[in-house]
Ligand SMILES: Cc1cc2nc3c(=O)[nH]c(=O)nc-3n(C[C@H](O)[C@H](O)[C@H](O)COP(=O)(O)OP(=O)(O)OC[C@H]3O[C@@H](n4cnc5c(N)ncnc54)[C@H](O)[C@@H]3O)c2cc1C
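Only one chain is shown below, in structure tokens, and it's the form predicted on its own.
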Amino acid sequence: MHDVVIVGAGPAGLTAAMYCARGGKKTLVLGNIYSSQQSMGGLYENYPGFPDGIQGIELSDRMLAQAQKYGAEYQEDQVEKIVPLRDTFRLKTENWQYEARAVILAMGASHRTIGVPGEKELTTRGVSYCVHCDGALFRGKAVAIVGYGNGAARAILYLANIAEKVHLLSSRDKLVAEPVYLDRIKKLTNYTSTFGAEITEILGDQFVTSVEYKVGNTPRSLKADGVFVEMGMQPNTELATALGLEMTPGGFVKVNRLNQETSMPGIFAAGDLTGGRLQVATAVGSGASAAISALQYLG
């Protein structure tokens, strides 16, 4: 029996763990810090306290170490089901089950997929959702980035230092990103872009060879050794919906923004799972708020 079990090991979950453990509660984190968006996000230049930036994986390691310093436990088990009991909650994983008096959901979000033929079949064989995980595999090769926004901009800048050619395929009419990214992209000599592109298929036998798309009604093809998808995020809400928690119209877990309470007493939620600004700094803030509310709930 734990006082608090936190589901998810991203910035929201690890912050909540540190607050709960420091508050004297028996705290357990279930998840994998290395699969969090923070860990896979590369260099963070806008997280306070690090003027030269910090790698996401290092930030995750530091957050976990700080939580463990105050007594938080950490297991890489993935929660498959949460069952409300009379005064507690039972969390079932593939190998074990745990009980807690309060639960903080911080499962984060996952990359959206394109949803075209060839994407699923060629995932890990040229199709990737993490430039910092797989970018080095495409040194000196041609890559396509499918997406828009800051995620696509960061991918362009990262891959431009590795790949021979970087081509952006975007369904939007322009790349909307922070000015600092746009200024850097303007200086690249191995970058091109196509806007108003609708991806229709990703081709390849053993590995990706090209991306098929159309602009308007005109079909086109782009030769590429790799395809990096940067189309935003969708929340990992499976456990929340199975619990019957109230959701927002956008598909996120609905919380009281003052205290991160969900529609079920004893269940709190934080981070990307709850929508809003999907930033590390806001995830940390909501994780702290959820933890404080859990401490008050536990008395």
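Each residue number is its position in the shown sequence, starting from 1. Values in this document were obtained by computation on a predicted structure and should not be read as measured data.
As for the form predicted together with the ligand, it is not shown, yet the points below apply to it.
Contact with the ligand in the predicted bound form, judged as any non-hydrogen atom within 4.5 angstroms, is confined among 247-255, 41-49, 64-72, 260-268 to 41-49. Residue contact check for A109: one or more of its heavy atoms lie within 4.5 Å of the ligand in the predicted bound form.
Residue contact check for S36: one or more of its heavy atoms lie within 4.5 Å of the ligand in the predicted bound form. Among heavy atoms of A288, none comes within 4.5 Å of the ligand in the predicted bound form. Although the partner is absent here, A240 sits far enough away that none of its heavy atoms falls within 4.5 Å of the ligand in the predicted bound form. Annotation for 216-239: interface residues with the ligand in the predicted bound form are M233, N236, L239 [heavy atom within 4.5 Å].
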